[in-house]
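Just the one chain here, the form predicted on its own, laid out as structure tokens.
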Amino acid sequence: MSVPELKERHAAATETVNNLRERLRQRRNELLDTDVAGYARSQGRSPVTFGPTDLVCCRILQGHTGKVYSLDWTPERNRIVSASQDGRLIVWNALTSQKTHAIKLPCAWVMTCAFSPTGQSVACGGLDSMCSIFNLNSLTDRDGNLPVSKTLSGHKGYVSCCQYVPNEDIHIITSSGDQTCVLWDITTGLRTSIFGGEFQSGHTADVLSVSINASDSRTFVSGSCDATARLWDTRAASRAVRTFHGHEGDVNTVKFFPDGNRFGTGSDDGTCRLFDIRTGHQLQVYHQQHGDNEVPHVTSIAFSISGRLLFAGYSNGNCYVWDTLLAKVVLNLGSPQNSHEGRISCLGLSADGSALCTGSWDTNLKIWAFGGNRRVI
């Protein structure tokens, strides 16, 4: 068979596959007769209620002199690491508000930080296109600075997000402005797998966020400026397992649902969305109507330990607590007197679900704890 004939058959086969894929998509959409909130209302479910003392600000962490861009909790729930435009990482004791480490960074333009699963190391990345690892048990140098223990270099764009693979300190996944995600071996400092890039199933714009599935650490999801989220399997880096459409703006943040079968996203289009990784369907849109034309961007999200609540930070300083079942805002942490005075850039929930930490461009972090008669949900 000649080369032109092979090309013709390949083109015909590709067209057939695309037609079948489109018919399958249309059939799936026909079966989507409701969303999560519609079904919950039909079953008579009532929304979660919050009293004035059910979720209160119990700590204000002050020490940064620049905008806070990222934060992360340790698995044992009592420490937080934060990254700021002041060029420092600060490790906090969440129970006492004390600083245990203040790490001066080689590059001040940091965008992300993460605690290792054992809490012995922290990682960060930013406009230097590298991921730097610091061992918190290392001795400081003559100037009192903690030295970089490992540098992961290989991205061709800024490092937007980093997350350690659960239950091990030797692997970390990063996302970048070079349109790729990378799985690294920290011990060797080498790239184990590259996700995207030259592959057609990869992102077509900057990758802004990653979230690793706690139920299956071989899978993770990424969000990008191409308005999509993609599911990846570390055993098959050559192509995305699935691509999720629906957003009309940059996907700034992604987070797996506690059961590992769904994940949430937050976007510049002002919405949060819930997707199912098994079917590829969008299950729910979380959108609050605004009177003005300026739609606040969703910057960061987190689920409560049961998944019933979705915490979402916005560029206008609001932090909505959504009832994921009924798609209703049940609380706005941006309205109390002790709310942040600027954009909420990051947030995260402690491992046991008992406390929420928010970081802001006002240079502060705040810890919100469930109080009163409210049990953790």
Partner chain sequence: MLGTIFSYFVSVHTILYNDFGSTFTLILFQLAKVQCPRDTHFWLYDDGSYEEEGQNNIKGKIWEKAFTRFCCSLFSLPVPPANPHGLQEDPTTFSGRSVPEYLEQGRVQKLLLFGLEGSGTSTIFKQAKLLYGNGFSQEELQNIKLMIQSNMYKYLSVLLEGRERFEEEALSELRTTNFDTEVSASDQIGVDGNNQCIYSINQRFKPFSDWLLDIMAMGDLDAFFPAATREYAPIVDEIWKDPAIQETYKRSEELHLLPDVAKYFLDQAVEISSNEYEPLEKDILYAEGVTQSNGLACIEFSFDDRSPMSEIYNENYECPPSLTKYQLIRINSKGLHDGCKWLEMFEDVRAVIFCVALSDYDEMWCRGTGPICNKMVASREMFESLVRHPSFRDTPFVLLLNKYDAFEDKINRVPLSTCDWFSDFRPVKPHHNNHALAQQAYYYVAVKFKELYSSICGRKLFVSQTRGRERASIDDAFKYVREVLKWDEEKDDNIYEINGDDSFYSTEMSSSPFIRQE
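Bear in mind that the values here come from a model prediction, so they are computed numbers and not experimental data. Residue numbers count along the first chain shown, from 1.
The same protein has a further form, the form predicted together with the partner chain, not shown here; the description that follows concerns it.
- Proximity of V182 to the partner chain in the predicted bound form falls outside the 4.5 Å heavy atom cutoff.
- In the predicted bound form, the partner chain sits within 4.5 Å of a heavy atom belonging to N252.
- Contact between C225 and the partner chain in the predicted bound form is found at the 4.5 Å heavy atom cutoff.
- In the predicted bound form, no heavy atom of I173 sits within 4.5 Å of the partner chain.
- Between the partner chain and the residues D233, D216, D206, D276, the one pair within 4.5 Å by heavy atoms in the predicted bound form involves D206.
- For the options V110, V122, C161, C272, the one in contact with the partner chain in the predicted bound form, meaning a heavy atom within 4.5 Å, is V110.
- At a distance of at most 4.5 angstroms from the partner chain in the predicted bound form, all three residues D268, E341 and T363 contribute at least one non-hydrogen atom.
- Here the chain stands by itself, but in the predicted bound form one stretch of 113-121, 150-158, 256-264, 276-284, 150-158, has heavy atoms within 4.5 Å of the partner chain.
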